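The chain below stands alone, shown as structure tokens; this is the form predicted alone.
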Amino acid sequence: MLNCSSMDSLPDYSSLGLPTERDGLEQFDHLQAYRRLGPIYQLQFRGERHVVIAGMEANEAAWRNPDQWSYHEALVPFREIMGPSHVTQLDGDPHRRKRRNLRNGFAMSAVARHLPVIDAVLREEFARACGQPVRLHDFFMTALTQANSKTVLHCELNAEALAHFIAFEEEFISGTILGEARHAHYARPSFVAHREFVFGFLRELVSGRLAGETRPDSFQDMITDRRERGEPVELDELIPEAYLLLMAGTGNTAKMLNCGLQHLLANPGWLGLLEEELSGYRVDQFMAGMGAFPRLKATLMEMERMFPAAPVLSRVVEIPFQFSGFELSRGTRVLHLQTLPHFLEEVYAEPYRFDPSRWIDREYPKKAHGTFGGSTHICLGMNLVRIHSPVAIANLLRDYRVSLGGDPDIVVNLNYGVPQTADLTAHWTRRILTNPLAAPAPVAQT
């Protein structure tokens, strides 16, 4: 065993004289700390000592053995709100079993078969909003939730139901990073009302499926697969799974597109090349991947890099392990800066510049891209994000000319619980279509 330094000698963020707060929020200059202290250091965060691990070496160490972490201990809010079987806070074999049970809902093949319907829904949503100002984040949240309701979880969502589901998702996720303050956040009457509506709606839907109702959707595939393998099919376990199918990835995709579009529209040279590539876009071309759309793929990779939904993840050590000369003991609270490599100039030249061309004909180390995490706890909604995003951008830029209102300040950050968002208003008008195959079509049903 390698000799390890005492944790008492761990470098301390406070020794650098760097900021710990901005605009009333806990924010640290982790990039400078990494440069000056190295890939592991400590700081005081919400009254407790946390160990920070950062860089590609940290991603390698964090993703090598997922069982070294206690997600059950680190992600308590998910259990409190979504129940004891919720996948995010499970560890070890129960987590692996759950991911197996969810596979038919979230695997790329399971999501990609819905591409024609997703495409048609988004086209309808873009057409409905054409010519009027829209809050971009809210538009994408609504459009993507509607797409999921026609594909992975068939259900009828009227305006009231949409509002409840979207508000619940946004308020639930924002509360998960509040520490003990989450209890007051979740006790607010408005959140309680959203939660009661959402879980009542899903309880009725799942009860119907268990009573024999069937739909040609991913949820039905999950139930059928579970029964064929002899797995239990239980109401209280299926309700949060139905929620995941409907809402997983919608908020993260909306935030990423909301922020990324401003940078894209401010880059007319690249935008023109991308519009040219998408002028003949047909959704069936995505069935074979994105090989025919290298600029679109590059654009989305750059958006993922600059605007990750979770720049920092909270972790608790379950099995002691060594990292960079120190042994992290059981119970150590860790902040894993999984996306810090996104902004290292030795990995990405001029990392704070939006430059999709960096992805053309170039591969970067897998450990340098932490947007969705890694290993067996990789983001469950990743495939939904990577289906929704290209379809949304392709339809928008092929069919419309887009402008954004105002000049908001979008700040790229590396801090726990500080969202990558901006309140953007967008407006689009229809192009004159020259490709008859690009004309809007009615929403198909699968």
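Remember, predicted model here, so these are calculated numbers, not experimental data. Residue numbers here begin at 1 and follow the sequence given.
Just so it is clear, the following notes concern the form predicted together with protoporphyrin IX containing FE (HEM), a form of the same protein that is not shown.
Margin query: Looking at 309, 81, 155, 121 here, can you tell me which has any non-hydrogen atom within 4.5 angstroms of protoporphyrin IX containing FE (HEM) in the model of the complex?
Written below: None of the others qualify; the residue that does is 309.
Margin query: Going by heavy atom distances of 4.5 angstroms or less, which of 285, 207, 376, 174 would be at the interface with protoporphyrin IX containing FE (HEM) in the model of the complex?
Written below: Only one listed residue qualifies here, and that residue is 376.
Notebook entry, point to check: Are all three residues 13, 30 and 70 in contact with protoporphyrin IX containing FE (HEM) in the model of the complex, where contact means a non-hydrogen atom within 4.5 Å?
Noted result: Looking in the model of the complex, the three residues 13, 30 and 70 all stay beyond 4.5 Å of protoporphyrin IX containing FE (HEM) (heavy atoms).
Next item on the list: With heavy atoms only and a cut-off of 4.5 Å, decide whether residue 37 touches protoporphyrin IX containing FE (HEM) in the model of the complex.
Entry: Taking the distances in the model of the complex, the answer for residue 37 is no, it never comes within 4.5 Å of protoporphyrin IX containing FE (HEM).
Item checked: Contact label in the model of the complex: residue 99 to protoporphyrin IX containing FE (HEM), heavy atom within 4.5 Å -> Looking in the model of the complex, residue contacts with protoporphyrin IX containing FE (HEM) include residue 99, since a heavy atom lies within 4.5 Å.
Check: Is residue 256 a contact residue for protoporphyrin IX containing FE (HEM) in the model of the complex, using a 4.5 Å heavy atom cut-off?
Finding: Yes, residue 256 lies within 4.5 Å of protoporphyrin IX containing FE (HEM) in the model of the complex.
Notebook entry, point to check: Is there a heavy atom of residue 151 no more than 4.5 Å from a heavy atom of protoporphyrin IX containing FE (HEM) in the model of the complex?
Noted result: Heavy-atom contact with protoporphyrin IX containing FE (HEM) at 4.5 Å: absent for residue 151.
Item checked: Contact segment among 52-60, 382-390, 38-46, 396-404, judged by heavy atoms lying within 4.5 Å of protoporphyrin IX containing FE (HEM) in the model of the complex -> It is the stretch 382-390.
Check: Heavy atom within 4.5 Å of protoporphyrin IX containing FE (HEM) in the model of the complex: which residues of 227-247 qualify?
Finding: Only 244 sits within 4.5 Å of the partner.
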